[in-house]
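Just one chain is shown here, as structure tokens, and it is the form predicted alone.
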Amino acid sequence: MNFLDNLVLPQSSEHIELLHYILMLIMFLFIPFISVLFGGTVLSVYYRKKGLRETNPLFLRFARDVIETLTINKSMGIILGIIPLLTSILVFAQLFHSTDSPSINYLVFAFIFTAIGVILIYTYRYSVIFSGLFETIKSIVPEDDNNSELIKNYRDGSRALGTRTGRYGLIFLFIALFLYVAAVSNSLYPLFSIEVIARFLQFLSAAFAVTGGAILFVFFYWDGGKKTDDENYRTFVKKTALRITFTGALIQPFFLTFDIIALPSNALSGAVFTYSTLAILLIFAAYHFLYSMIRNSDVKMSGPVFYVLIFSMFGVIVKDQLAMGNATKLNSVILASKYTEYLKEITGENKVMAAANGEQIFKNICSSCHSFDHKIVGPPYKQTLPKYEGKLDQLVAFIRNPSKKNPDYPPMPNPGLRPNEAQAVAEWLMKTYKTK
């Protein structure tokens, strides 16, 4: 998306770290809401279709209550479902500037599909409400009344609209969610890899677990729960929500463990393991609360179940962001070095330092630890420089911010070179090492 390049500003290392925190906060808002929106719509569409086919008022009531309660209102659909994705596109454009990563393209298409899906789902929401209203009116209007047929047509029209918009809304949202998972995983895995598919399945199972927890929370905990004298309906809601929550949560540890095993080594860190473990422990706490509710036929734990599942989802979000930050650390260093160059350019410092001599810098600083053809302290350049062919920016970034690459050698200390000095010595090294 070339037009996004016009919106990109130079970023320091502090700004890049802040962007990762902003992206994390955006996900805290977007992922729980979109998960409940998707899971709630699946349940509503399924039980509505089943209720119309079997003429079961219990199913129809549940379908209406779920979609009406969990979607909150259309303003929340925009604030929590659409705007966060738009903001994510802008953040990704900054973080992946000057790379060939397709993550931004995936996010743009995810945004388009999400917007369409959210519009269709909220159309479905209102069609379900109106069809229920017309059904109530029809039940109190006599068959021989002149308006009876008109009301029936309105009801049937609302039902048909609900069937179409609910189904297509789910299709669009399903595609959008896959593209979103692919976008945030692209720094680690290719699009249709088994790892991305596993992450997507983990997302879907978490969505249903949180949706079931949200139903329990709203129907039995929040503000005393929904008031109803129909004990059959209350029992049905509790059993259905418990089954959905338990099934969705049951396979979460498997997916999270697989993700940790599959993560590339450059994405791993102690913090990634810590947050993965925390997420799994919170899921096991949810099992405990769910078991207590099933065993005691009690709904007092509805609130804790929902809270624990939400915090487990937050743990997974933090883990994924840390892994992405680790995997893109080199690109972040390159972006930060370009920011330094930009800052020096606008302040005029580059004019003073323009004449850096790469060979002289090598002799003064690098030659005490490095040679071209044999080991001194660090590895010989003929062994390390071939991998930087055509990747001069990466070599410059490594010289300015070295990290341990080879376990057979000690870590390289930071030589403290300015951007133009690192550039000069990198260019000289790449021109010289083949002739030595």
Ligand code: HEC
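So that the term is clear: the rigid core is the largest set of C-alpha atoms that superpose within 1.5 Å between two forms. In this text, residue numbers run from 1 along the sequence as written. Remember, it's a predicted structure, so these values are computed and weren't measured experimentally.
The next section is about a form of this same protein that is not shown, the form predicted together with the ligand.
Scanning 372, 46, 409, 28 against the ligand in the model of the complex with a 4.5 Å heavy atom cut-off leaves one residue, 409. For the three marked residues, 279, 314 and 318, no heavy atom of any sits within 4.5 Å of the ligand in the model of the complex.
Although the partner is absent here, residue 385 sits close enough that one of its heavy atoms falls within 4.5 Å of the ligand in the model of the complex. Contact annotation: residue 381 falls within 4.5 Å of the ligand in the model of the complex, judged by heavy atom distances. Proximity of residue 80 to the ligand in the model of the complex: non-hydrogen atoms within 4.5 Å are absent; the residue sits far from the partner. Residue 399 belongs to the set of residues with a heavy atom inside 4.5 Å of the ligand in the model of the complex. Only one segment in the set 196-204, 359-367, 296-304, 109-117 has residues whose heavy atoms sit within 4.5 Å of the ligand in the model of the complex; it is 359-367.
For the partner-free chain shown, 409, 410, 411, 412, 413, 415, 417, 425, 429 of 408-430 come within 4.5 angstroms of the ligand in the model of the complex, judged by any non-hydrogen atom. In a rigid-core overlay of the protein, residue 362 has its C-alpha displaced by at least 2 Å between the shown form and the other one.
Once both forms are fitted on their core, the CA shift for residue 38 between the shown form and the other one remains under 2 Å. After superposition on the rigid core, the Cα atom of residue 69 is displaced by less than 2 Å between the shown form and the other one.
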